[in-house]
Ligand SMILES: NC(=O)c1ccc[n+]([C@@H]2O[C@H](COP(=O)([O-])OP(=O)(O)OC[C@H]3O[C@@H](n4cnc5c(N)ncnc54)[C@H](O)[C@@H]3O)[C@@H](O)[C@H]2O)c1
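Okay, so here's just one chain, in structure tokens, the form predicted on its own.
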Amino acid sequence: MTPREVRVSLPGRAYSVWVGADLLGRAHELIPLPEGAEIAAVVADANAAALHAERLESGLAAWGVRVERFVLPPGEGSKTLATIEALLRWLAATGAHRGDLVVALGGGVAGDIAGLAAALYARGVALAQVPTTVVGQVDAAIGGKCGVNLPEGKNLAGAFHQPVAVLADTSTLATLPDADFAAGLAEVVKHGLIDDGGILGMLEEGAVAIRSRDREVLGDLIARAAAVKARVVEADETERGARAFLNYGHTLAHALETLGGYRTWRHGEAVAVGMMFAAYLAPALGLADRVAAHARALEALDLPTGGASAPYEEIYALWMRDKKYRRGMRFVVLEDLGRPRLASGIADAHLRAAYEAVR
């Protein structure tokens, strides 16, 4: 089957997102090998490595290069500067050079860690993203954002390092636990809310096929959601304006994750609650009331619409360290479906009331 291609067109470094089933073994066909490369360094979380690394590495080995593997403990707890140092030293011990290729295999955590290490090693080596989760395939692996967490907050140390290609093999989604698969769909809902309303219809009308992981339906959905991310990245590569809209729901989500020690909340579940918070906030700002539309899309996919339990004061303190802070906290809200905007100077009473609505 011919994979779907979504292009990310950036000045001097356009690349393709390939979406389809059974693509890992075709890595040598779909990922451009840097000229003179001798090593393909696969960076994979332990779960993805056990399930998918051999097929990917077989595909990469068809180039005739040496394929090496670095395995990360799964989960957000791996996103630390200590992990980056260990990976950089491993690359050096492996004999990697600037002309070689780093390949991220797994979810957003593997992509973040491999991406940041690739940006730093030898002042920048080529990176290919091979995401095996929904959130990775529609969002995290596209656009070059990579980073790790600090005790003070999520993704506070990072860089922009665009990949040479993204290989979104939808076959890998069959191996995800049901809760992780559902959580990843929160990012698809987000893309529907901020840009492509047709995605919301696909999610609601095709919820049964999506939850059963129908390959054809998933391929269409992921390609369409990936195209949203590509459009936003093309318009604002380094998040100076419109790209901040991709953080819809994430301001509260990151605070919830941080307070939970990155163990209490799945990222997508926290984003779902964060989008509901933003939906409750919008009418207080004189914007459209689309709370019901948010709840309908999330509930169709078994995603939460509430459940935050941390005290508001602790949430607020983390907001003050959020990446969108600029002489005050800014929040992504919707003027209406498909019309996101940044809002600042919001009264504390409105923020508190919207937070209470998702508790």
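Here, rigid core means the biggest group of C-alpha atoms that superpose within 1.5 Å across both forms. Don't overthink the numbering: it's just position in the shown sequence, from 1. Just so you know, these numbers come straight off a predicted model, no measurement behind them.
We do not show the form predicted together with this ligand, though everything after this point is about it.
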Which one, A242, A207, L176, A165, lies within 4.5 Å of this ligand in the predicted complex by heavy atoms? L176
Residue within 4.5 Å of this ligand in the predicted complex by heavy atom, from E269, D139, D100, E257, is D139
Given 68-76, 199-207, 258-266, 117-125, the stretch touching this ligand in the predicted complex at heavy atoms within 4.5 Å is 68-76
Contact flag, H191 vs this ligand in the predicted complex, heavy atom cut 4.5 Å: no
Does any heavy atom of L252 come within 4.5 Å of a heavy atom of this ligand in the predicted complex? no
With a 4.5 Å heavy atom cut-off, would you call N155 a contact of this ligand in the predicted complex? yes
Just to confirm, L30 within 4.5 Å of this ligand in the predicted complex by heavy atoms? no
Relative to this ligand in the predicted complex, which residues of 23-58 have a heavy atom no more than 4.5 Å away? D45, N47, A48, L51, H52
C-alpha of W90: shift of 2 angstroms or more between the shown form and the other one, rigid core aligned? no
Is E257 displaced by at least 2 Å at its C-alpha between the shown form and the other one when the rigid core is overlaid? yes
